[in-house]
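What follows is a single chain, given as structure tokens, in the form predicted alone.
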Amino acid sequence: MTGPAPRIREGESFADLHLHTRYSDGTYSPKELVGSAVANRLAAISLTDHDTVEGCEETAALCAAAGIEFITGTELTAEHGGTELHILGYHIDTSSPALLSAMGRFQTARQERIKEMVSRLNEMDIPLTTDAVMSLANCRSPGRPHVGLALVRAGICASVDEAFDRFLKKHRPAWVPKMLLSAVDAISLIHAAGGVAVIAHPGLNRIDSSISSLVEAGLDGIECLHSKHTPVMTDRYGALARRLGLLITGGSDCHGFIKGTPLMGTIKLPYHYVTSLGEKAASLAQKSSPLTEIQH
């Protein structure tokens, strides 16, 4: 195939395959997420919360009631060649023992990271508590946005953006590195759970030179459409996906109101790409074999 992505067919419906809820670092509940999907007339969505599948069952039931196709998903934080990147897993078995075991470790690391960020803030005489952040997060997979929200609630910052700029961005005083899974292991973990592995928003991570090696490790697709990809990026990654024989996916990366206006509706992936994703998942399922727990 040649030409830019996305290709839209006459009368085609649309999907958003990159969405977050309160089960990681979004503000939407599953009910609010599905309500927004209905309002945006989406035919299919995937929940891709960070390092968790905690909200998938609830969201699936709500989608079924609303007549929207639901695709199980997650977004794994990984690294390759010293660069952080994110791997999206689609059509995963959310009861996979290997997946749940690994996610348990990721979630523990996230919780410890919150404690360390709060400790660094306390060293600057900022009176924030870990309990305040965890209570606000109310999930197994907390992240920096929850610390930012807690700083806003405490009156220390006027906005989450200010909290990141002053304290939480890389090289800021309360920034703490993440625990990063190797991208190769992330891809293997997704495949072991019967899923399809897709590189998220490559234009934001500057990993173009690594994509070919990730394909050798089993990468199945590229998220070409993303709310922070320019049209030039979308076309470039669409052409790259076709050249490498990879799937094309896309999504808004909506986190609700965490940093302003929700992004759902800004990206609409033509539905035939959803069909291709499902076909790939079915093909991989026929080839898959159990994977023992990844050791670290």
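What you see is a predicted model; the values in this text were computed from it and never measured. Just count from 1 along the sequence shown to find any residue number.
The protein also exists as the form predicted in complex with a small molecule; that form is not presented, and the subsequent description refers to it.
Listed residues H80, R144, H191, H91 were compared with the small molecule in the predicted bound form; R144 is the one with a heavy atom within 4.5 Å. Only one of K169, K115, R153, R206 lies close to the small molecule in the predicted bound form, with a heavy atom inside 4.5 Å, and it is K169. No residue in the set H229, R236 and H272 has a non-hydrogen atom no more than 4.5 Å from the small molecule in the predicted bound form.
The shortest heavy atom separation between R105 and the small molecule in the predicted bound form exceeds 4.5 Å. Using a 4.5 Å cutoff between non-hydrogen atoms, R242 does not count as a contact of the small molecule in the predicted bound form. Though the partner is left out of this view, K268 does not reach within 4.5 Å of the small molecule in the predicted bound form, counting heavy atoms only.
Contact annotation: R120 falls outside 4.5 Å of the small molecule in the predicted bound form, judged by heavy atom distances. Considering the small molecule in the predicted bound form, the lone stretch of 181-189, 107-115, 122-130, 207-215 in range is 107-115 [heavy atom distance within 4.5 Å].
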